[in-house]
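Taking the form predicted on its own, here's one chain by itself in structure tokens.
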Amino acid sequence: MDNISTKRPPGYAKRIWYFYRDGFREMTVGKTLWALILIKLFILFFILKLFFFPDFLSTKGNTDDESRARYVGTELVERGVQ
């Protein structure tokens, strides 16, 4: 009975966390690839949005949500008729 460990094994979520944490620590090329992925995501979501996707609705109507919703509704109806 002295050899039996009373320590409870870590939970499922904790084991998954340890698996990924330990795997990431031992990576060499993978860290560079993850850095490239994060840089690419930054470029896609922040840089491109700033220059190629302006806030079009801010130029239409007042700043309240109701006038913007009305504008979008009329545009959808008018374009749906064509």
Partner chain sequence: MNDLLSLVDWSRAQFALTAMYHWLFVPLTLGLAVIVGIMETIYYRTGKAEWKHITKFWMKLFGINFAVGVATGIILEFQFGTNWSNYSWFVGDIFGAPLAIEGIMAFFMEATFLAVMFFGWDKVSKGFHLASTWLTCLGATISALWILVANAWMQYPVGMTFNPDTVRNEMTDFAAVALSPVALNKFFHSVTAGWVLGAVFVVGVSAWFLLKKRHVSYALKSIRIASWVGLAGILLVAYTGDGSAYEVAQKQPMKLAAMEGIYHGNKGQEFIAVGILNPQKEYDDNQDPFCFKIGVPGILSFLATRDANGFVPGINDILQGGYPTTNFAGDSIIAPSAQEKMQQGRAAIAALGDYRNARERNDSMAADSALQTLRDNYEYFGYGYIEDEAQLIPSVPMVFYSFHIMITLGGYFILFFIAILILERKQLLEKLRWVLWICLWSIPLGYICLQSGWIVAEVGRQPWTIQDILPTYASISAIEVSAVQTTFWLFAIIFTVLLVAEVSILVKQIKKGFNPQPVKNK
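What you see is a predicted model; the values in this text were computed from it and never measured. In this text, the rigid core denotes the largest set of C-alpha atoms whose superposition between the two forms falls within 1.5 Å. Numbering follows the first chain given and starts at 1.
There is another form of the same protein, the form predicted together with the partner chain; it is not shown, and what comes next is about it.
Colleague: Can any non-hydrogen atom of Gly11 be found within 4.5 angstroms of the partner chain in the predicted bound form?
Modeller: Result no; Gly11 lies far from the partner chain in the predicted bound form.
Colleague: Which residues in 28-52 have a heavy atom within 4.5 Å of the partner chain in the predicted bound form?
Modeller: Sequence-ordered list: Thr28, Val29, Thr32, Leu33, Leu36, Ile37, Lys40, Leu41, Ile43, Leu44, Phe45, Leu48, Lys49, Phe52.
Colleague: Quick one: core overlaid, is Tyr71 moving 2 Å or more at the Cα between this form and the one not shown?
Modeller: After core superposition, the C-alpha of Tyr71 moves 2 Å or more between this form and the one not shown.
Colleague: When the two forms are laid on each other by their rigid core, does Phe53 show a Cα shift of 2 Å or more between this form and the one not shown?
Modeller: Yes; that C-alpha moves by at least 2 Å between this form and the one not shown.
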